[in-house]
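As structure tokens, one chain now follows by itself in the form predicted alone.
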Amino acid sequence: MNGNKTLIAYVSKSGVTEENAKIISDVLKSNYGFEVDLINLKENSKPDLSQYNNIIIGSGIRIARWYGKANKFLKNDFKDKKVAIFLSSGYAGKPETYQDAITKYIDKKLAKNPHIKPVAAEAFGGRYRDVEDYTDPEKVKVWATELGKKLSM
């Protein structure tokens, strides 16, 4: 198995999480030479994890909750794989509510899934039906660059 074989499994409804997954994939491929597969969990909710060393899980947030298929995917046994998580939420895109988003959507989720010990976790801004846009592709690229270093160790 290629040590850089990476799965990015995500659920996106408005498209922001998918955009972020693609940015992360591009950075890992171009900067680190990783082999990356992107899987939308709405289309394939049970991908074969055996071929991957790294698993990155992404979800949007709606009504203060992770999307169901991403939440269910977190229940997998990731064994000796390096895991990272990210989410997209308008709430996380506002400086005044960013830390609260980390607490609500990442810290609490990890507390409920103690088998997951991520090498990295981040909350990115989202978009409210094209009315308010808190996305920040540069922040995603910076995080993906740091993530690539951690996954390369």
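Numbering starts at 1 and runs along the sequence shown. Model, not experiment: these values are computed from the prediction.
Absent from the display: the form predicted together with a small molecule. The rest refers to it.
The single option of Tyr91, Phe34, Tyr52, Trp66 touching the small molecule in the model of the complex, heavy atom within 4.5 Å:
In short, Tyr91.
Taking the small molecule as it sits in the model of the complex, is Thr145 in contact with it (heavy atom to heavy atom, 4.5 Å or less)?
Result no; Thr145 lies far from the small molecule in the model of the complex.
Is there a non-hydrogen atom of Tyr98 within 4.5 angstroms of a non-hydrogen atom of the small molecule in the model of the complex?
Outside the cut-off, so no.
Please tell me whether any heavy atom belonging to Lys29 falls inside 4.5 Å of a heavy atom of the small molecule, as the geometry stands in the model of the complex.
Outside the cut-off, so no.
Decide whether Lys109 counts as a contact residue for the small molecule in the model of the complex under a heavy atom distance cut-off of 4.5 Å.
Flag for Lys109 set to no.
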